[in-house]
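Just one chain follows, in the form predicted on its own, and it is written as structure tokens.
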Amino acid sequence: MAVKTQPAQPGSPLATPLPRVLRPRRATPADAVRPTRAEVNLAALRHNLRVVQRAAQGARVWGVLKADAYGHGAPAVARTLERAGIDGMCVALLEEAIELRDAGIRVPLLVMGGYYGQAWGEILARDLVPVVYDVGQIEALAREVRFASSEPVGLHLKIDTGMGRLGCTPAELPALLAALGRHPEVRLDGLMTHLACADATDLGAVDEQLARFTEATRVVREAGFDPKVLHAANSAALLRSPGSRLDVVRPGIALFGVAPCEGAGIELRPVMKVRSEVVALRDLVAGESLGYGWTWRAERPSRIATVPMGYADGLHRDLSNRGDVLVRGRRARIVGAVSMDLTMIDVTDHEGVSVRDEVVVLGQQEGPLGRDAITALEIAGLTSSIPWEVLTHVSRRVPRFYREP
């Protein structure tokens, strides 16, 4: 990835220039030549926001748009949600927040990943809400505020209640509160935690983490701080655990129409459809093989269609010889090894298939042979994965088309 440097501002405490990352450009509809594309249904996105808002029962909704909005394209998704009345948005990376501000997003943006490098000035310049969990982070942000002669900056403190990745442990909490007390340049506006088992059948672990979070909140308030925003609930928790909703909920996968666990989110509508077209047809006699490694052999005279999509686009290689796509409204089996750019499917039993017929890899299709759907959950089951990974693996070279049906 190319970078270019910019000199530190006069008076800045930074000893070295900041790198500015040049983000890779996503394939755009205007540049699309091949028929492979991801279609994003913005009406379904707004519907899911309304479902989440009802489930939140008065808590504010800050949608999680990390990983390019779960592969749906963060700027377009963010603009749609902002116009639809979402209260705020969460991302993992500072770079993701900058992208949204550059796209014109004005609602609060919470940066949850906790890594800011030396780019604390971007927090001030972009009016972002940082999540911190370390004394050094508090000191670095306070130092940036002093050198910029800025107003105090609000932050959220992450409490580790059992996830074990990032966050301040109960034993570390007094030291962080002392650091906050020493630095009036920063203001403790919120407390957050992350639930590890919200999609489990037994919600006992959720209750245990919430009890730890309640105790941490008590310690913070007894130390003289008054955070106005408490938040813990992800998609699964907000749909299943009323006690987790607090002041703000942080839905991610639910906004994109995927139930976070069995029995939750039955009103949700899938937002993304990934489709391509048949670009070639050929007939094989019984006994002929195809694809890398000759992993599939025709047991009868077979008609094979080639689709211009492969594992470089997000079509998982584990779907070779076991996954399905939709053609003319009916399932067709993927045959042979999924290759980088091309995949073959068996359309022997699909009467009337021709070049340029639509092939649906993810989503619903209705045609002359029926109506069916391929879900992210189905693909995850075949690839030993999870729906989150299925969506985020649709690569940047697949252009996103935004639909208003």
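Not measured: the values here are computed from a predicted model. Position 1 is the first residue in the sequence shown; the rest follow in order.
Missing here is the form predicted together with a small molecule; even so, the following discussion is about that form.
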Note to self: I'd like to know whether residue 66 contacts the small molecule in the model of the complex, with contact meaning heavy atoms within 4.5 angstroms.
What the structure shows: yes
Next item on the list: Consider residue 234 of the chain shown here, and say whether it contacts the small molecule in the model of the complex, taking contact as heavy atoms within 4.5 Å.
Entry: yes
Margin query: Residue-level question: is residue 314 within 4.5 Å of the small molecule in the model of the complex, judged on heavy atoms?
Written below: no
Margin query: residue 130 versus the small molecule, in the model of the complex: is there a non-hydrogen atom within 4.5 Å?
Written below: no
Note to self: Between the small molecule and 112, 165 and 250, in the model of the complex, does every residue show a non-hydrogen atom at 4.5 Å or closer?
What the structure shows: yes
Check: Of these, 331, 194, 156, 240, which has a heavy atom no more than 4.5 Å from the small molecule in the model of the complex?
Finding: 194
Checklist line | Stretch in contact, per heavy atom within 4.5 angstroms of the small molecule in the model of the complex, of 183-191, 305-313, 252-260, 286-294 | finding: 252-260
